[in-house]
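The data below hold one chain only, encoded as structure tokens and taken in the form predicted alone.
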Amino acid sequence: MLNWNIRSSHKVQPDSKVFEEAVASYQKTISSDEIGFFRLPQNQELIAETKKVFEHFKHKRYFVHIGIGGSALGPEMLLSALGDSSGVEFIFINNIDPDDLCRKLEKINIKESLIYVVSKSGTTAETVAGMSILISMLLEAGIKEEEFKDYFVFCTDPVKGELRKLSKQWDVRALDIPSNVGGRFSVLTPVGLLPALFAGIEAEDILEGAEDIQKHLQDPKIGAEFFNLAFWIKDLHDQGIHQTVMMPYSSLLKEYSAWFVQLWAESLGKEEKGLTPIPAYGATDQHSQMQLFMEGPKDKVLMLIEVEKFQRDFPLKNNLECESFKNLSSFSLSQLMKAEFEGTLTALKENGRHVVHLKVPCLQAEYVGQLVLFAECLTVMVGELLKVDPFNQPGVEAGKKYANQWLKNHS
């Protein structure tokens, strides 16, 4: 199971009354009918419907995923972490850069593609734009509107929104994003589970892993370390430590850092409060950002993720007389990663840096599910302590409003 511990000389002893009130408020939030992300592992109907759609379209050779923010970062993270052994080609249309989109669309055969459009409201401008382009491609290929049901799947709100209306008009299959689950908390819904199935990933294992860790993220008697971690982060925040580095020592978890950045920033950055997230990954960033992390301002909490056992390995045995080669000859690549992780961990602690050491046994679906739910719950618990609503995004909505106004002014 995922485990974590604080590697820092900074200690905090929260007031027992404050602790109890914050934990009670957090527990009320994650169990309320208005907030649904915590109970997704128990939602068997969602996974069953997702598997039905997969079975119907599993012959498709290309999976074109249209979405932005939480509608894309979560699925990309799952595929990057857990691999793709299915032979399906994945294209993520997750931005509106015309040059990048052109390169991506050149790779697909539109007649062999499944187009997965993910938007809870169905009105997200970037998603609408991407979908419009794919519709044009289908029509240019001679595919009629009445045939769109063989090429599109929507993932949207269960009862309302533009995509829900369109799904009825075109008879397109539509999977549900539960109304009480926000976009950045939606990776354990069909948003992430359908792409995972197409990538040959056991989606049910992801959910089972998340379920296995729930008690540790809900009950302070079982998961005292989790609640202590949240209070520790909040206490450091009050002392001016406002940055959070997420640094897995795994290239396959690089997209986990990107997913975490959205979750942490969009949830906690409000009312002139917040914890600025910084993505990194080891050992690559030991040769770039680590200089800042090690000797720059002491204004960061660093979360380092260790993968205990890699699925593959390479011996470094060689017969070269060069000293640097001889020093590595009796080790493997995974042992070098372990040495660099432990060396960095020790050096950071000696330099008085604030470090959280997270550890997963290996990169399997159940442990990725645990990493997901851990980050989501930590975000909510820290939000409770900061007294900000982790489920809204007024700053994002303001930008959308002015973008729409610009379009109207130039129409």
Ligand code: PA5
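Predicted, not measured: the structure shown is a model, and the values here were computed from it. Throughout, we count residues from 1 along the sequence that is shown.
The form predicted together with the ligand exists for this protein as well; it is not shown, and the discussion that follows is about that form.
Proximity of T244 to the ligand in the predicted bound form: non-hydrogen atoms within 4.5 Å are absent; the residue sits far from the partner. Proximity of K11 to the ligand in the predicted bound form falls outside the 4.5 Å heavy atom cutoff. In the predicted bound form, no heavy atom of K17 sits within 4.5 Å of the ligand. Proximity of I68 to the ligand in the predicted bound form: non-hydrogen atoms within 4.5 Å are present.
Residues within 4.5 angstroms of the ligand in the predicted bound form, judged by any non-hydrogen atom, belong to 70 to 78 and to none of the other stretches in 70 to 78, 281 to 289, 302 to 310, 141 to 149. Among N228, Q214, Q262, S86, the residue placing a heavy atom within 4.5 Å of the ligand in the predicted bound form is Q262. Contact with the ligand in the predicted bound form, judged by any heavy atom within 4.5 Å, is made by just one of S121, Q218, Q335, N180: S121.
Although the partner is absent from the chain shown here, none of R7, D235 and K349 has a heavy atom within 4.5 Å of the ligand in the predicted bound form. Taking the ligand as it sits in the predicted bound form, the stretch 233 to 255 never comes within 4.5 angstroms of it through any non-hydrogen atom.
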